[in-house]
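Only one chain is shown below, in structure tokens, and it's the form predicted on its own.
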Amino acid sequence: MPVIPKINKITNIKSPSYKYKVLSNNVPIYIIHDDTLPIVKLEVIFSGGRVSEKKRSTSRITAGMMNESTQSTSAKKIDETIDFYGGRMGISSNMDTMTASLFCLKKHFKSLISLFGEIISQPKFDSKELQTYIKNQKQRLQLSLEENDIIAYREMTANVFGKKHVYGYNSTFEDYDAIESKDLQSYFQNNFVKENCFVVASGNIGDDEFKLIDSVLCDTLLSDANFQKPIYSPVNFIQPEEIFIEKKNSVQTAIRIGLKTFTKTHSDYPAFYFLNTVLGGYFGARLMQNIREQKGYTYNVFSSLNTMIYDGFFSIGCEVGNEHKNATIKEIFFEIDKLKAELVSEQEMELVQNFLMGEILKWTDGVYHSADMIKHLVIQEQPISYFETFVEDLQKVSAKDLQGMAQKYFKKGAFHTVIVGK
């Protein structure tokens, strides 16, 4: 008979190795090196996002327009240059940050980094290009507003954080129409400065690549000696309620159930992270076993713990046949109440812990995953050692801890519920 290999628990996960340096202009840089790869990835991460806005949607549109033309290079020429060298380059924006990234073969890094520096320092914000960009964004928004799950997500965040809060507002056609080139230029000058960023370089980063990074970013990054980080406005309490949005022609109903939680720095984060996984954070989770496998109400049901720099929220979501919406909501709260009333079995605790350790291994699987993990820790203003502390905390979570988290946060009347459909 074949011998079945012994399965060992994952118990010792170490933080990835990296080098910390400071560029000549005092911008910190984290280098994750792997000389077996012919590829280089460079990221410049700027803090701010929505928190830095003086007008709604400016952070996202500023980032989007920076992917267009610069003061001296047209959008067409930029695209042709990137395509010629087979690279990727662009600016992205989320709630808390804007990230400029360059990804290319090591041998083409020198040919592309100057253009990268130009993009992050000399955006044109051409008014005609802005009109075209706004038109395209409005078309995308129009299509998005036909999708029940997107409507439900937008309504959920608006109710958890407040419709005027930076984490709660939803972009509208009116927001887009109100944006002018001068708004983007102002946002850019106030936020895309060396005092507001750090750099992550990963892949085959040798001395020559580091010198190029140092030279280009020192020459191109703007400076603001008076720069100050924006002040975050805390969320006011909003009474949870159930909201139904009717879509008469819908075949399916989208359901979102959630509540405001906390950031990754909160002491309850590791145990709640474990609890979320048990409830709906992986394919074998309780919600999936009940609502998909046993009841057949949906193809996919999930729960997620969403964390930003200053706040966070927990959410359960799925799409079901219209005739199953009430039964699905009943089963969701059945599973929530069960976590409050009963201890998770030792067998399930071990299963989920093994799953989590396997998932966490992926966070450090290769140089680019490692770079992403380091980037997110720096964004959250956590030491890199937090990674190992988090792993240790997860391994200490007990069934009693999970029950305590459920009883503490999953209180009756604590959940916002959004139903979009027929």
Partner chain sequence: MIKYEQFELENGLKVIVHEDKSTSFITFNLLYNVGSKNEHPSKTGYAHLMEHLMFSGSRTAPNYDKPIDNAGGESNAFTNVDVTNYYITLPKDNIEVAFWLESDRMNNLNVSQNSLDIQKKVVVEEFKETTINKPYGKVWHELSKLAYKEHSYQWPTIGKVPEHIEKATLEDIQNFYKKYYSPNNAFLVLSGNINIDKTKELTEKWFKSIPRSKLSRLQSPKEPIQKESRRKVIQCDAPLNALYIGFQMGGRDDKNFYTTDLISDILGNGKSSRLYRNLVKEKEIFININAYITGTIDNGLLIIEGKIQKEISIAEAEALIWEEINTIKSELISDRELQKIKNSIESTFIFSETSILNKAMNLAYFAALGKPELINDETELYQKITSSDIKKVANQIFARENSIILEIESKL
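Nothing here was measured: the structure is a model prediction, and the numbers come from that model. Numbering follows the first chain given and starts at 1.
There is another form of the same protein, the form predicted together with the partner chain; it is not shown, and what comes next is about it.
**Student:** Which single stretch, out of 67 to 75, 191 to 199, 158 to 166, 305 to 313, brings residue heavy atoms within 4.5 Å of the partner chain in the model of the complex?
**Tutor:** Flagged stretch: 67 to 75.
**Student:** Report whether all of S114, P234 and D268 sit within 4.5 Å of the partner chain in the model of the complex, measuring from non-hydrogen atoms.
**Tutor:** No: no residue has a heavy atom within 4.5 Å of the partner.
**Student:** Among E242, D177, D219, D83, which has any heavy atom within 4.5 Å of the partner chain in the model of the complex?
**Tutor:** Contact check passes for D83.
**Student:** Which listed residue (Q139, S223, S127, S215) meets the criterion of a heavy atom within 4.5 Å of the partner chain in the model of the complex?
**Tutor:** Checked against the cut-off, the match is Q139.
**Student:** Is there a heavy atom of K362 lying 4.5 Å or less from a heavy atom of the partner chain in the model of the complex?
**Tutor:** Heavy-atom contact with the partner chain at 4.5 Å: present for K362.
**Student:** According to a 4.5 angstroms non-hydrogen atom cut-off, is L339 in contact with the partner chain in the model of the complex?
**Tutor:** No, L339 stays farther than 4.5 Å from the partner chain in the model of the complex.
**Student:** Please run the contact check for L37 against the partner chain in the model of the complex: heavy atoms, 4.5 angstroms, yes or no?
**Tutor:** Judged by the heavy-atom cut-off of 4.5 Å, L37 is in contact with the partner chain in the model of the complex.
**Student:** Can you tell me whether N354 touches the partner chain? I mean in the model of the complex, with a 4.5 angstroms heavy atom cut-off.
**Tutor:** Yes, N354 sits close enough to the partner chain in the model of the complex that at least one of its heavy atoms falls within 4.5 Å.
**Student:** Relative to the partner chain in the model of the complex, which residues of 391 to 416 have a heavy atom no more than 4.5 Å away?
**Tutor:** Heavy-atom contacts within 4.5 Å come from no residue here.
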